[in-house]
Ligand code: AMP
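Starting off, we have a lone chain in the form predicted alone, written out as structure tokens.
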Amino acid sequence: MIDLHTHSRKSDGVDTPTELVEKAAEAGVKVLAITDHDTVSGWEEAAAAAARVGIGLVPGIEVSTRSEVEGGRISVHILAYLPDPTNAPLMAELEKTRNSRLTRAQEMVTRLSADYPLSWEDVLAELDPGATVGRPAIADALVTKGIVPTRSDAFTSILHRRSPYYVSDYSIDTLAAIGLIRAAGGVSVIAHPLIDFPAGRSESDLPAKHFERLISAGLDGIEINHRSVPEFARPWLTELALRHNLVVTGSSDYHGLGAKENQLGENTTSAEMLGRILDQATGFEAFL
């Protein structure tokens, strides 16, 4: 069982990298990718845990990006597998994103504190030192304070993108991110594509030009088997991947119990596709 998309407390998961690896092993996962948002800070701990429990580890990053499409800008997450963690241009962009998330989170807490008993210290208490700060940490603080019952409730209410408390942040352009990942020797796979595709739209509405631009820029693969990818779009995405000889992955996007419903190993990647990722990556070695 190969699960190539999971998160630890180094970004918005609830488990430490060690706990994440241990839970993956208990769930029967044989090869796990740790892909925290915009950081490589969990790689070393996860690798040590994977060696101890006897499973393979593929270090990665979920890179936050934005794309220009018809109708405006959209958020696009790109999974970067095995890039060089010392590559200066890529690491500088990730740091810029993390810093933007920090100032954005602080502004959101300032807005929230006018109406709710929430402080910045409450949010920091939910994070490990050096972890990427995001809305999930604010959501967890709201749960701890008893303001909302669950993280999901926070996201569908006071932390929603249309909420007056919401603040946007910086993300690198998607095409530029794909180029940086490739230059760092990594393999780029678009995460959970069409996750926000409006309900009721048809296959003829799918943003084909957007995907073609990403592929032309060097996108290596598509994460198709994911619980949030619309079912009707999966055959279209599969055909697109076949036509362009792209890697096709399936993953859980596990964040931990209580964070999201996603379970380790609920969607998986074939050994063949993992092999293609390993063959294409030149920036870092997997622990297998």
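Source: prediction; values computed, not measured. All residue numbers refer to positions in the sequence shown, first residue = 1.
The same protein also has a form predicted together with adenosine monophosphate, omitted here; what follows describes it.
For the three residues 135, 152 and 259, a heavy atom within 4.5 Å of adenosine monophosphate turns up in the model of the complex in every case.
For the chain shown alone, residue 213 is not a contact residue for adenosine monophosphate in the model of the complex, no non-hydrogen atom being within 4.5 angstroms. Mapping the unseen interface onto this chain, residue 111 falls outside it, with no heavy atom inside 4.5 Å of adenosine monophosphate in the model of the complex.
Contact annotation for residue 98: none of its heavy atoms lies within 4.5 Å of adenosine monophosphate in the model of the complex. Although the partner is absent here, residue 226 lies well away from adenosine monophosphate in the model of the complex, with no heavy atom inside 4.5 Å. Stretch 101-109 is the contacting one of 79-87, 117-125, 178-186, 101-109, since its residues have non-hydrogen atoms within 4.5 Å of adenosine monophosphate in the model of the complex. Taking adenosine monophosphate as positioned in the model of the complex, the residues of 12-44 that bring a heavy atom within 4.5 Å of it are, in sequence order, 12, 37.
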